[in-house]
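Here we start with a single chain on its own, the form predicted alone, put down as structure tokens.
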């Protein structure tokens, strides 16, 4: 076992003894089938492409159904878009019902949903420019309270504010959120939006999210925590259009940000299966090309890098979630071939690789196991929910913590 595999096993699996009973008696020396039904770890992907499917408005319903099947074949955690400029382009007319229907589609299938983001200077509402800063602040707070309350029970996790490090110095174009952040400062801005989100959703999981992995983000986190602002998890973006970070850089980033004692979510991960973006590009948005195709060589590289990246993240105990930023090449940010599925709907090697990792190596597919003479089922499995079946009867149990555990389950 490699060092990484050993750490994954130590932090992500449990050695369980499950006392099974049937009609009140131990189910001794019997063959049962055990399978994992849900991972505790959040293997996420954006669900943007499935919004129309969930609403019954997909242009190609058969293709949309196949896409949904592919999505659920690997992922158990969705991120949906709440970019203010698209969610409420006309003030007072938010896209609530369509997004809520999509969120319910995921939630009804047992997939937690996160909203992204509640505050961001990019893709924000143009009508904010007609307001003074005090009115912008009121509108931002009202927007957060409305969304968190309207989606409560369906979306209970939010990227509350996105990319604060660059927010007050952003100069690509004028926008109301940069104006406000420049006026009041980063930490007061974070306090304002987190207070609003916490008030509307006291039990919601609230994230601070950024792409800037420099010391500037560390300084922001430290300032926010010293100011007494309660954040529930740190969001780290890892768009690797300019090449895979590698294990050494990834582990260094994890070590730096795990010292705050907060759960870490890798909120936006991309690895391309085509040409790597040139290293001299500072702002990834500046890279504009007519065509950015996926290649056989790039697809093989992407599959290997995705496996290495996910293994590194699972091996670190602070990481609770990884969200891949797009299943399909069609519609990927910057037109990059960063999806796990080609534009024609066929899975790339990276999809197959991640499917095998999540469902087989890190999961328990339906497996026949015999109980012992005392009715004990012995299982080493990844944390999450399990189902046991025997002659049409079922029992469920959960492996909640790593290490040795003893449980009891009765077949109904």
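Numbering follows the first chain given and starts at 1. These numbers come from a predicted model, not from an experiment.
Form predicted together with a further copy of the same chain: not shown, discussed below.
Looking at the partner-bound form in the predicted bound form, is residue 223 within 4.5 Å of a further copy of the same chain by any heavy atom?
Within the cut-off, so yes.
Is there any non-hydrogen atom of residue 260 lying within 4.5 Å of a further copy of the same chain in the predicted bound form?
Yes, residue 260 is a contact residue.
How about residue 165: is it within 4.5 Å of a further copy of the same chain in the predicted bound form, going by heavy atoms?
Residue 165: contacts a further copy of the same chain in the predicted bound form.
Is residue 191 close enough to a further copy of the same chain in the predicted bound form to count, meaning some heavy atom within 4.5 Å?
Contact with a further copy of the same chain, yes.
Consider the chain as shown here, without its partner, and state which of 284, 204, 187, 233 has a heavy atom within 4.5 Å of a further copy of the same chain in the predicted bound form.
Selected residue: 187.
Let me know the one among 135, 152, 300, 169 whose heavy atoms come within 4.5 Å of a further copy of the same chain in the predicted bound form, would you?
By the 4.5 Å criterion, the partner-contacting residue is 169.
Want to guess which of 107-115, 124-132, 223-231, 315-323 is within 4.5 Å of a further copy of the same chain in the predicted bound form, heavy atoms only?
Going by heavy atoms within 4.5 Å, the stretch is 223-231.
Taking heavy atoms and a 4.5 Å limit, what residues of 204-223 are near a further copy of the same chain in the predicted bound form?
Going through 204-223 in order - heavy atoms within 4.5 Å of a further copy of the same chain in the predicted bound form - the hits are 215, 216, 218, 219, 220, 222, 223.
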